[in-house]
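Encoded as structure tokens, the following chain is the form predicted alone, with no partner shown.
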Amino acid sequence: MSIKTFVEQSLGCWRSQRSGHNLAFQHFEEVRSTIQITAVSPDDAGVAALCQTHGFEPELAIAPFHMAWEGESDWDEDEKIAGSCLLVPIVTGASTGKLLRSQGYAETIPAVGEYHFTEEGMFVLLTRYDRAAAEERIWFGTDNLRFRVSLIRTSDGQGVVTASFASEIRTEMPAK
């Protein structure tokens, strides 16, 4: 699978049900959210700025996209979870590349992850932060059903702090 195909398959509005285990606090959490994934023009000023921040030429951007999410957790029912980020893939090989993010997953700072696709078409993203490392795996069960597994590891990559599994159902296709 190519990153362009993966992004195209991911566009739209997704309803997500995620269960997470915080191993450090021995806590289980359920999160229900809506995720909106939209294509962004490679010529967008934000794409150019993110590329330049991380030392990449904007012309290398392939299928940039914007992701916004809003949800609620059973851990704190009064708190709404919301956020957004710009993501810019940079291809480095036939099934590998870098993913520039305006906001990281484990730490809310700009981040650069390394991705690859398995032979089965699973997207695997590894992102190292100052205090943690995140590993995400995303694959499609059908065109409108995808699965996501995430691990947050200690900064040395040895211990697992949190683990989560999400099933996501597309509720709306992108506008053409």
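Start at 1 with the first residue shown and count on from there. Since we're looking at a predicted model, the values are computed, not measured.
Although it is not shown, the form predicted in complex with a further copy of the same chain is what the next lines describe.
Among 38, 41, 53, 142, which has any heavy atom within 4.5 Å of a further copy of the same chain in the model of the complex?
Checked against the cut-off, the match is 142.
Has each of 18, 120 and 137 got a heavy atom lying within 4.5 angstroms of a further copy of the same chain in the model of the complex?
Checked in the model of the complex: all three residues contact a further copy of the same chain.
Find out whether any non-hydrogen atom of residue 133 is located within 4.5 angstroms of a further copy of the same chain in the model of the complex, and reply yes or no.
Residue-level check for residue 133: no, no contact with a further copy of the same chain.
So in the model of the complex, does residue 30 come within 4.5 Å of a further copy of the same chain, heavy atom to heavy atom?
Yes - in the model of the complex, heavy atoms of residue 30 and a further copy of the same chain come within 4.5 Å of each other.
Though only this chain appears here, would residue 149 touch a further copy of the same chain in the model of the complex if you measure heavy atom gaps against 4.5 Å?
Residue-level check for residue 149: yes, a contact with a further copy of the same chain.
Heavy atom of residue 124 within 4.5 Å of a further copy of the same chain in the model of the complex
Looking in the model of the complex, residue contacts with a further copy of the same chain include residue 124, since a heavy atom lies within 4.5 Å.
Residues in 149-163 close to a further copy of the same chain in the model of the complex, defined by a heavy atom within 4.5 Å, in order:
Residues within 4.5 Å: 149, 151, 153, 158, 160, 163.
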